[in-house]
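In what follows, one protein chain appears twice in different forms, each by itself as structure tokens: structure 1 and structure 2.
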Structure 1
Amino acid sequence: MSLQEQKRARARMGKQERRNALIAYSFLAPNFLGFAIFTLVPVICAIALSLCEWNGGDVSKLRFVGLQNYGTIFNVNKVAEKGIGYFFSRVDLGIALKNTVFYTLITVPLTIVCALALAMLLNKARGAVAYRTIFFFPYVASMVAICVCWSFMLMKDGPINQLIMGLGIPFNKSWTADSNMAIWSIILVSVWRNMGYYMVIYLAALQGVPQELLEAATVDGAGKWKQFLHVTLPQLKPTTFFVSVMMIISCFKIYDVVAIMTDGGPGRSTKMLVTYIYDEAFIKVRYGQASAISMVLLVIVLLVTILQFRSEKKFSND
């Protein structure tokens, strides 16, 4: 190939690429326009706000303060003086962070395992419609009703404790009124509510697992468990990526269950990042600090997501 031909080929390629990109953008446009105007722009404003002091009122009262909000929420002076232990035991942000991370670490794996197990058991099984509907029900019910309901269920002599006592375990504490148990009541309600939701996602994804692969595995003499490990699970990878990212994000953003059931208490035992943000923004009217806390949340979630995104790309080789 002569140099000129090569050049021409490259130009053709470039043209082709541009054309492809244009087509791709045309696919994106309808969603992106709405997304950019109604979500992206306000989010960028919020990011900018985290560097400002603004206690509401006219926008002219907005003042750029650099990283001062971050200094305040991390309580840098005190933490520098008394050590990192002080941050996690006394500073609001530290406590909220600790609670949120704990809640996420327990809830995410528990929900995924339950959801996947249910989806596997209910995929193409007899009588599955009834079961699926039942397990999805909690997600459909209105939040305020189910939270009130669960608070009552988890009372000292409520049905749940009676069940536990019935199993021979001596236990009669009121879940939501105990610092150590309160967060578990939030976890219980979250898993109960979301397990059916993620089950549905897995069910939908399972329909995309090619039958032939499973059959091939059966012919090879693989047991059900091996078939699951070596065929189904790898096929579900994109879905698991989606489920885990969405779960981590929604766990980090937990708000309504806490607001209705424990209101962050007792003490600060169920104070979460978003309950803290809500307080700062709408009770104490410090929008700058509220934004700064959300940025902390954003950075953590983004780091976790990028890590998962990388591993997803590595496995799918694209």
Structure 2
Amino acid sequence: MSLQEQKRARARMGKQERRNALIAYSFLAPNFLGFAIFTLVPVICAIALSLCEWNGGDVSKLRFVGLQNYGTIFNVNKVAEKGIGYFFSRVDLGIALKNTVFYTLITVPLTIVCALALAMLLNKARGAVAYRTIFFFPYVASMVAICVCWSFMLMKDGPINQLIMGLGIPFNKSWTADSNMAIWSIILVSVWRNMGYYMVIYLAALQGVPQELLEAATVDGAGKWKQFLHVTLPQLKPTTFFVSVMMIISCFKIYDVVAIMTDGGPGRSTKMLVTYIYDEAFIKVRYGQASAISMVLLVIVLLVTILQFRSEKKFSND
């Protein structure tokens, strides 16, 4: 092939590559535009707004205040004077953070255990399709309807308390009206609603567990429990990692259940980070401070996710 023919061939290949790249970019463009308009730009605006003071209305009243909003939400002066205990017992951000972390630490493992238990029970059971639909239905049902129904069931004379007292335990308080039980009512509803969704994910993962490993374990004399611990559970590690990451992010963003059932009360016993953001932005109309709290939430979720990925990589290497 002559030099001129080689140049023509390279030119044709270059045109084809550019054409393929343009086709690929055309498919990516709608998703990228949606991400840029509805996620990237709002995040950048929130970062900028967290450094400003603005109570809505006229944009000309927007005033740059630097890190003042962060100092206000952390109540730096009082915390420096009275110690970190003051932050978690009196400062709104500290109380919201403490409630959110407590809710996450209880909800995530409970949901994973319930979802995995349901998946194991329904994996090869008769009528499994019907049961899967029943358990998955709460996840797609109206959250308002779910919370209203559970609020009635958790009332002082509701069926849940009747069942508890039927077991001989004296308990006649409304769960959502008691400062100690309100957060447990939120946890109960969240676990009940979400376990069906994660059950489906575990069911899909169980289909991928090699039968040869289970058969080999049976030949070696392992019972069902040892097969689960030493064969099934390790095979489900990637799924459990995915579920835990998604659940932790979801728990830190909890809002709807709290807003419908307790509205952050009684007192501040169920105030979460997102409900705190809502109150600051739309009740007290302090957009700068609300944006600062949003940035704190973003950093927390980002750090937790990075730690999870690093721990997963470490365990995989081990």
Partner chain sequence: MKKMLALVLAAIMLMSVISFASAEDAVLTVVTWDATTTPYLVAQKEAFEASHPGVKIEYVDVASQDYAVKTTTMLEGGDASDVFMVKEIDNIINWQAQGFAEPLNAYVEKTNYDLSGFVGTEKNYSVDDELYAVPFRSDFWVLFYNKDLFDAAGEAYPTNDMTWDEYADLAIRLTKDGVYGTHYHTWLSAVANWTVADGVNTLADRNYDDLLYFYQLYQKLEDAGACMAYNELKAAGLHYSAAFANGNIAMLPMGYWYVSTLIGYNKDGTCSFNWGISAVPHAEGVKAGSSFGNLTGAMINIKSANKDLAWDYISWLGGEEGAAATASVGARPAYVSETVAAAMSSVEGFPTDETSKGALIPSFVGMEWPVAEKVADIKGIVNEEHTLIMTREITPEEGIAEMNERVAELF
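By rigid core we mean the largest C-alpha set that fits within 1.5 Å across both forms. Remember, it's a predicted structure, so these values are computed and weren't measured experimentally. Residue numbering: structure 1 sequence, from 1.
| task | Sort out for me whether 1 or 2 is the form predicted together with the partner chain. | result | Structure 1 is the matching one, since it is the form predicted together with the partner chain.
Report task. Indicate whether residue 266 shows a C-alpha shift of 2 Å or more between structure 1 and structure 2, with the rigid core used for the fit. Result -> Moves: no, less than 2 Å.
task: Please check if residue 255 moves between structure 1 and structure 2, taking a CA shift of 2 Å or more relative to the superposed core as movement.
output: Moves: no, less than 2 Å.
- prompt: After the core is matched up, is the C-alpha of residue 275 off by 2 Å or more between structure 1 and structure 2?
  reply: Residue 275: C-alpha displaced by less than 2 Å between structure 1 and structure 2.
- To one decimal place, what C-alpha displacement in Å is found for residue 301 between structure 1 and structure 2 with the rigid core superposed? Comparing between structure 1 and structure 2 after core fitting, residue 301 shifts 2.5 Å at its C-alpha.
- Core-aligned CA shift between structure 1 and structure 2 for residue 25 (Å): Here the C-alpha difference is 10.6 Å.
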